[in-house]
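So here's one chain in two forms, each on its own in structure tokens, numbered structure 1 and structure 2.
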Structure 1
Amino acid sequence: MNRGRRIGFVCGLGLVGGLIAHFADPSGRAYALTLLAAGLVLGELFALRLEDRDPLPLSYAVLVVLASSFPLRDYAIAVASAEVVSLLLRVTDRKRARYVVLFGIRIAVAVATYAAYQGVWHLVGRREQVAPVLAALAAAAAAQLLVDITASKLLRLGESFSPRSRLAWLAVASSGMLMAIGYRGVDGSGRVGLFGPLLFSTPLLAAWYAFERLDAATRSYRQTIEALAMAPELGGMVPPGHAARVATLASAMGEQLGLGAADVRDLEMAALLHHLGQVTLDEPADGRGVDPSEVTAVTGAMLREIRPLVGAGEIVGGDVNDPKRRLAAQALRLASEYDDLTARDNVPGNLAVESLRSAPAYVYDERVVVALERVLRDRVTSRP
């Protein structure tokens, strides 16, 4: 079932369930609970895609609404049924084990949300004023963040907490608080009922849309770079997979060397595209092959013409003694040479490193060689 159908199915299920609940419980409480549970499932289908971890579901915002307005029993029923439906909708996909893990994380987050809200709510003496209510809601949102990040780290679903992740969390937390305060009001004031979650989800959906576009554009851009990186390989100028392997190795070395995130990104781009210029050069008639320094110079010049790739161009074709780029440029060169030795010349890894190490001291900075050794050692030890 594609996402559109899933959304239609959940909306239909929620409306039918809501109608039944409306007749079963004329107070409207069961009706609201059913619709919010449906909102919880919908929130699982709309998630903010992040570059460094699993997507962040919008359902976390609905959890805050439920935790702040319903007793534990109702909350537990709504969350459990919504998460089971979400799981059933997911298990039609591959990676079932992963979805079971996600189910566990969602339940842990739901428990933490309720506990944090109730804990702080009791702490502030259950005072129906704006500041105490906001404090309890903020605590619920903070607990979600804490549990989700900790679980993701423990289960290796995502490590870092990038600027984009932070903004995503902030969007979900502020919307959840607003939706909750709109639903429940404060001491009877400002209560707009289900219109709160319904209308105040609009900015969050706008954020979701922007995240989707950004994710798609970032992916397409990355894939375009990778496609370009394939050109020299498909033309038989370098061994197949050279660019991707060098990019992986060089960026890991960049991290080992303590380069900043932007520099590591530049290094990765440089590694992917470091042979691109070769496709524009004429093959010498005498069969000697293209001069590598000419490839470097042409590639560097090409990349420097594109604003987002200027840094990569500097690494490929810039001054090797430029202190700002020296380490990155050496990491790229060393990674490329290592791959040439191991993949093209079939030299065993340890011998390749030894041979690179035996080069004169002025060729490679000692720190770069050490970074290569560490990355290769980590690779071996992390192998299953």
Structure 2
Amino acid sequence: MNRGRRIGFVCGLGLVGGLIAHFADPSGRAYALTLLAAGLVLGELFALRLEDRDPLPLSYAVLVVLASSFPLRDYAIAVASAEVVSLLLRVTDRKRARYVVLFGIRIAVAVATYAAYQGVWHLVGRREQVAPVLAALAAAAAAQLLVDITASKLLRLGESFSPRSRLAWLAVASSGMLMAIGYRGVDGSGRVGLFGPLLFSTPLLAAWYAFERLDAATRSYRQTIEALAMAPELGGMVPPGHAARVATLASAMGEQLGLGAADVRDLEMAALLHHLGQVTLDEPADGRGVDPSEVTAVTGAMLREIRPLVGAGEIVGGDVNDPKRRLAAQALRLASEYDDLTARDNVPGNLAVESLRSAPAYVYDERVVVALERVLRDRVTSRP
């Protein structure tokens, strides 16, 4: 079932459930709870796509509305039923185990949202004034951020907090607070009922659309980089798959070395394109092959002329002053040499590492060699 059909199914299910709840409970509370639960499911289908971790669901904004407007029993029923429906809608997708993990994260976030709101709400004396209400709502949004980021980091689902992530969290948190105020009001005024969440979800949906377009542009950029990375391979200058293997290995080494998200991304781009300059060089007449240092210099100069790839060009060229960037440059060289030994020369992995470790101490920082060994060891232990 594609996303369009899922959305239609959830909307239909929510309307039917809402009508049943309306007749079963004329007060309208069950009706509102049912529709907001349907909004939770829809929020799982709409998410802000990020570069460095799983998408951020819009359902977090609806959680703030529910936590600030319903007692624990109603809140628990709505959240549990919505998350179960969301999980069932994904049972036909790949990586089902991953969705079970995400289900656990969503439940943890929901618990933290309610606990944070109620804790601060009681702390401020349950005063129906703008400042106390905003403080409780902000605490609920902050709890979502803390639990989600912590769980993602522990489970290695993406642990950096990039500028795009910060903008996404700001959009979800601010929209959730506005939606909650629109639904519950403050001191008996400002309440517009279900029209509140619907009205204030408009900027959140606009943010979702903007993130979708940004993600499409990011994918196009990535595909262009990968296509350029294949040029030396198609020309027979390096073994097939060399760039992708080096990029994967170097990025993992960068994470082991504690590099920031931006440095790891630059390292990955540098690894994908580190042989690109070779396609511009002619083979020497004496048949000795192109000088690797010349390839490095040409590639680094080419990449530094492209603004988004300046950092990658510095890493390829190795002309960096920042200590962590120097580690990134060494990680790239070491990962490339390791792949040359194992893929081109058919040297067993353990012997390749020993060969690289036997190089003089001034060639590679010990930390970089240790990072390579840890990444390779993790690969072995993670195999089924």
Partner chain sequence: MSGSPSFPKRLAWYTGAVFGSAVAATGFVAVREGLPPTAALISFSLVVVFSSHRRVFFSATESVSPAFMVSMAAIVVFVHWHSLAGCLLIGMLSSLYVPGLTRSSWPWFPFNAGITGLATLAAGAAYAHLPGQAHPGVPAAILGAIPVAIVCMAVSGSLLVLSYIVETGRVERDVLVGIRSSFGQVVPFALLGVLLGRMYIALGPAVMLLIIVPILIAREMFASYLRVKESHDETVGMLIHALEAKDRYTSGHSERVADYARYIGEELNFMPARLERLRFAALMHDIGKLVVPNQLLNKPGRLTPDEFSQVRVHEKVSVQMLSHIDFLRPIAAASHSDATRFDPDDLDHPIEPYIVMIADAYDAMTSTRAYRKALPQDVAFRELRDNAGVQFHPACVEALIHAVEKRGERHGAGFETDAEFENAPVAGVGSAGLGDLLDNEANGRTTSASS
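Only the largest set of C-alpha atoms that superpose within 1.5 Å between the two forms is called the rigid core. Each residue is numbered by where it sits in the sequence of structure 1, with counting from 1. Owing to the predicted nature of the structure, the values given are computational and were not obtained by experimental measurement.
In this pair, the copy labelled structure 2 belongs to the form predicted on its own. Hinge assignment between structures 1 and 2, options 145, 187, 258, 217: the residue at the boundary between rigid parts is 217.
Relative to the larger rigid part, the smaller one is rotated between structures 1 and 2 by 19°, as taken from C-alpha superpositions. Comparison between structures 1 and 2 places the CA of residue 341 5.4 angstrom away from its other position, after core fitting. Relative to the superposed core, residue 330 moves its CA by 8.2 Å between structures 1 and 2.
Core superposition places the C-alpha of residue 233 2.8 Å apart between structures 1 and 2.
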